[in-house]
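Next up: just one chain, as C-alpha cells, the form predicted on its own.
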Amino acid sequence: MQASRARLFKEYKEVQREKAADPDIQLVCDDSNIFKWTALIKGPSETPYEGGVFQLAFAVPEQYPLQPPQVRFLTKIFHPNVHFKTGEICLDILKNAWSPAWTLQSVCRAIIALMAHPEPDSPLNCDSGNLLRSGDVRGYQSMARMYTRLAAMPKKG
C-alpha cells in the first residue's frame, strides 16, 4: 500500500505541474483520500460529445499500479462502451490490458480516444452498439448529441 500511495502522490504532483499542458483533462484528488479521484474531461471535437464536459470517478485499488483503477462516468453518456445506468466503461486497459506504465492522466486520454472511436462489437450499451452495427451512424450521433446536451453541457439561463 505504501508503494501505491507514493505513486499516487507522484501522479498528483505531475497533474499539478501540467495543468495547463492538457486543457481537455482536469484531474482532482479527493482531499481526504488519495485513492479517490475525479476527472472532468472534454468531449472530443468532431464527435457528438463535442462541447460536453464529462465527470469520471476513479476508485484506485491499494495494489495500484499493479492493478487498474476502477473508472466510471458520473455524467450520463450515450456510448456503446459505457453502461448507461452505472457509467461502467468497457476498455481493455481497465481490464486485461492494464500495465503499470499507465497513469490516471493517460487513462483519461484513452477514455477520450474511446469516445471518439467507439467499439460497437463489445457494447455495454446495446442500443448504442446496435445503431452503429446496423450502420445507423446518424441515429447514434443524434442520440449521443442529445444526451451530451442534456447531461454534459452547462445549463443556460
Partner chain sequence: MQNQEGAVPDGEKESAISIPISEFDDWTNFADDDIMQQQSAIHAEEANKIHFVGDKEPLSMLAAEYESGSPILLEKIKVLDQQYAAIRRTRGDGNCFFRSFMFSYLEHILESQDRAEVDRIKGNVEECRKTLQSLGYADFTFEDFFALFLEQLDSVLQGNEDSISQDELIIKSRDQSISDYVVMFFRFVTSGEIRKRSDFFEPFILGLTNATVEQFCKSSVEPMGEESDHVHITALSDALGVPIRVVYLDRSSCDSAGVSVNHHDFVPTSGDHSNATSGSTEPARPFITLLYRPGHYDILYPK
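Everything numeric here is computed off the predicted structure, so don't read it as measured data. Positions refer to the first chain, counted from 1.
Omitted here: the form predicted in complex with its partner chain. The next part is about that form.
Note on the partner interface in the model of the complex: the residue among N130, S45, S99, T38 having a heavy atom within 4.5 angstroms of its partner chain is S99. Proximity of L66 to its partner chain in the model of the complex falls within the 4.5 Å heavy atom cutoff. Among heavy atoms of Q70, some come within 4.5 Å of its partner chain in the model of the complex. Among heavy atoms of A3, some come within 4.5 Å of its partner chain in the model of the complex. Contact annotation: K10 falls within 4.5 Å of its partner chain in the model of the complex, judged by heavy atom distances. Only one of 111 to 119, 24 to 32, 58 to 66, 45 to 53 places residue heavy atoms within 4.5 angstroms of its partner chain in the model of the complex, namely 58 to 66. Residues from 103 to 132 that approach its partner chain in the model of the complex with a non-hydrogen atom within 4.5 Å are limited to T103.
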